[in-house]
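There is one chain below, alone, in structure tokens, taken in the form predicted on its own.
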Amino acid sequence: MTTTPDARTERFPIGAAVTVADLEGDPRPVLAELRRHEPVSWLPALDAWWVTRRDLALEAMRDAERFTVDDPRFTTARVLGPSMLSLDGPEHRRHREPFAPGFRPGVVRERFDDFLTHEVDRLLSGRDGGPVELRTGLAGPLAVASITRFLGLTDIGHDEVLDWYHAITKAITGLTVDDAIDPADAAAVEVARARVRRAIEEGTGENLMREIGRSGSLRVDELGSAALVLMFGAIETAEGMTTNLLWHLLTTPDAWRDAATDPDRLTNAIEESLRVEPAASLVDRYTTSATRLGDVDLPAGELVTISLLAANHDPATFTDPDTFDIDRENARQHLTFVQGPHACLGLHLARAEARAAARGLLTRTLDPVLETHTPPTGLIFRKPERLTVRW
């Protein structure tokens, strides 16, 4: 097929009409139209091909030889430098493998189960009855405490980490929408990089980053990028995942009480929340050569955006996909943690954080009062801006 802008617009009229605003609020209607009629479509608003059908999303994520992250346009690499997120093949493995043992399920349980329980109790102590804003008062601080403990960078303060995190989020979103980074955000990222390197070199106690540096697995500059990537990914994913879970439980009739009285149903509720509203709703890949996906011929070097949100709502896999169903039998078939070589490294820790936060609240009340809340929104990173509860 021809690949001129006019030809693409004519071939993909639904994609051509999509705006950024359509995707930031409740994108499910437009994603459903794309999935039904243009499962691989051209979206001029984002200058990218979008993949919305689950089987095609899996095909692209699993095939790094055809669909790579290793491209100079990759937004995370432009903000944070080369890392496990933006490399493929042997270099990807070199950056990823030093961290993998610490994220294994048994290690996470041993190192974090008691810690997370105590941290949730600490964050909620003195707040009996509330009100508590659950995103900034519980989910966010819990995510920061967890990843700094994992990396051994506990000398870095909570507020400092959150400032970096917000700058990184803004920079990545700016690149996606406008292909530009606010100079203030770029400066904040450089400050964060220097501060992390100093913490690695001078920190006390158990410091995973310093141990990896001494092993020679990664260079000092690579360690700084790795730490920021892991901090950013862990905070964004876990904060959003936990807040989305609590929002679903609080806004779905009977779901709170069902989860409180049956641990297995809480476990499934976590998976169902991940399916319905992934905290990171999309991932980018680039075609390494001319290739075909579905019925569309893609030239080499094209940006291909995989909508995890759309794939998770594919009715070919999920019955009544837009409904949050705490008892959905195949909820774990969601693609929120990605598949293929770039599957999320910290999925077990993220699940543990969400479970600990939910249990901490569920044991305090069977009848919470939801004071203020907003539904999850965002183009890339989706979560409620406010979720305030009292009991």
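Being a predicted model, the structure only gives us computed values, none of them experimental. Numbering starts at 1 and follows the sequence shown.
Although not depicted, the form predicted in complex with a small molecule is the subject of the following passage.
Shown here without its partner, the chain carries P263, I326 and L361, none of which come within 4.5 Å of the small molecule in the model of the complex through any heavy atom.
Partner proximity in the model of the complex, defined as non-hydrogen atoms within 4.5 angstroms of the small molecule, places exactly one of 361-369, 343-351, 51-59, 35-43 at the interface: 343-351. Proximity of R96 to the small molecule in the model of the complex: non-hydrogen atoms within 4.5 Å are present. In the model of the complex, the small molecule lies farther than 4.5 Å from every heavy atom of P141. Contact annotation for T237: at least one heavy atom lies within 4.5 Å of the small molecule in the model of the complex.
Within this chain, H248 is remote from the site of the small molecule in the model of the complex, having no heavy atom within 4.5 Å. Screening I168, L309, L230, A259 for any heavy atom within 4.5 Å of the small molecule in the model of the complex leaves a single hit, L230. M241 is the sole member of A269, M241, V79, L134 with a non-hydrogen atom lying within 4.5 angstroms of the small molecule in the model of the complex.
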